[in-house]
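In the block that follows, a single chain appears as structure tokens, in the form predicted alone.
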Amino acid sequence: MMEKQYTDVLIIGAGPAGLAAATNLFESGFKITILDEFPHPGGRLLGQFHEESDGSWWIGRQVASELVEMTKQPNISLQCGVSVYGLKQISEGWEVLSSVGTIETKYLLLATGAAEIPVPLEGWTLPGVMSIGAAQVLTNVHMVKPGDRGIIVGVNVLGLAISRELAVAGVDLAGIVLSPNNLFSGENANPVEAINLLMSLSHLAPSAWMRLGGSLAQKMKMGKWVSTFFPRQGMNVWDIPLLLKTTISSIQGKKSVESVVLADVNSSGQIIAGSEREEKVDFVALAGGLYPLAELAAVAGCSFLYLPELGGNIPLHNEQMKTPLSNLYVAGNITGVEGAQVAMAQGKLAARSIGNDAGLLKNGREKIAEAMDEVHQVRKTATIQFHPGIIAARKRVYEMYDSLQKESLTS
């Protein structure tokens, strides 16, 4: 029988939010435990990199290494390869059930991140079909090409960001195409919506004229017009064919991926009869987007809100990263899908909230206000932004939290 562990602060998730929280907590004198089910700390940071607006490169692996080094403190225990499957609120905090036994903690921070949305289509069970995140991990973490020639299915921020990473790593891509028009794809199969998304991401375009044109088109709400005149043969972005009037109807192969069947679509995403053709590839990367990985918050009994701008269902929380449940905090993509830099800023804010609630943070209100301002600034200037309307959606979450707290005080 495994011996019960005791800690002051338990952080579930050793990604950017969890690690940042730990590195901002250790000086408070807490005994801190970090758990993660992955064999190595760092989360998605390990495979991420992108070019900033000033031309510099943000390398997630380096950031992760720095954060992990900072957690090498006598009062921090970092345990990887550990699964958590149960949470129970107790009088002195939380009881956590894990694969290494039961852990009791006064303060609990959920920093579980996000998961990929699957994109089912004919042939997707063949070897060689993978999520775009899996292609990223193979290429950038394990340094193994996912195949000789591939295609990306899904026009969204995740797919575009990782396609750039794959191209920089020398992976040959036949193109980026729309998701198939089925029950699961929603607006991801619509060319007009794809154009609107690209216009919102014009700051990432590889040339000045594309950045300017995209920005102007977005301001003038010209998505439908741009879609009409977008070339059916697509255009190259970072030397990758971007095919916004093309979808995939099936993946073919006997023992593994050998080819895909592509087809032209009309303005509503419906296949144009007779336009089908075969494209030889040996891997397919499915980019369905991300959703908050919030199951543990549900197990804990958190209230939830559904906000598409934040990626789906998120646990209710306030701007200081506190949930309505005593001593339970959240940070990172569990609160809504954004980039790693925002997650790290949220982790720092959550750490300060915990320290303040414990009475160990000098000038607590001032330092929490500084951390909140940092989150706002990082969000405003973040290069990678997954959804439009994030700021307004965040405001609605905080207003709902305050409203429910007022109701509970008067009832």
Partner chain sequence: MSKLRIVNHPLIKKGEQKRISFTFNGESLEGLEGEPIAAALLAHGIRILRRHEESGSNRGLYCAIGHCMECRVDVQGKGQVRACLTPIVEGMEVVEGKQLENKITGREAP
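The structure presented is a predicted model; accordingly, all values stated were derived computationally and were not measured. Numbering follows the first chain given and starts at 1.
Beyond what is shown, the protein has a form predicted together with its partner chain; the following relates to that form.
Using a 4.5 angstroms threshold between heavy atoms, Val261 stays clear of its partner chain in the predicted complex.
Its partner chain is not shown here, and in the predicted complex it never comes within 4.5 Å of any heavy atom of Glu370. Though the partner is left out of this view, Phe283 does reach within 4.5 Å of its partner chain in the predicted complex, counting heavy atoms only.
Contact check for Leu293: a non-hydrogen atom falls within 4.5 Å of its partner chain in the predicted complex.
Here the marked residues Phe49, Met130 and Lys145 all reach its partner chain in the predicted complex, each with a heavy atom within 4.5 angstroms. Stretch 108-116 is the contacting one of 108-116, 235-243, 333-341, 315-323, since its residues have non-hydrogen atoms within 4.5 Å of its partner chain in the predicted complex. Contact annotation for 134-173: residues with any non-hydrogen atom within 4.5 angstroms of its partner chain in the predicted complex are Ala134, Val137, Leu138, Thr139, Asn140, Val141, His142, Met143, Val144, Lys145, Pro146, Gly147, Asp148, Val168, Ala169, listed in sequence order.
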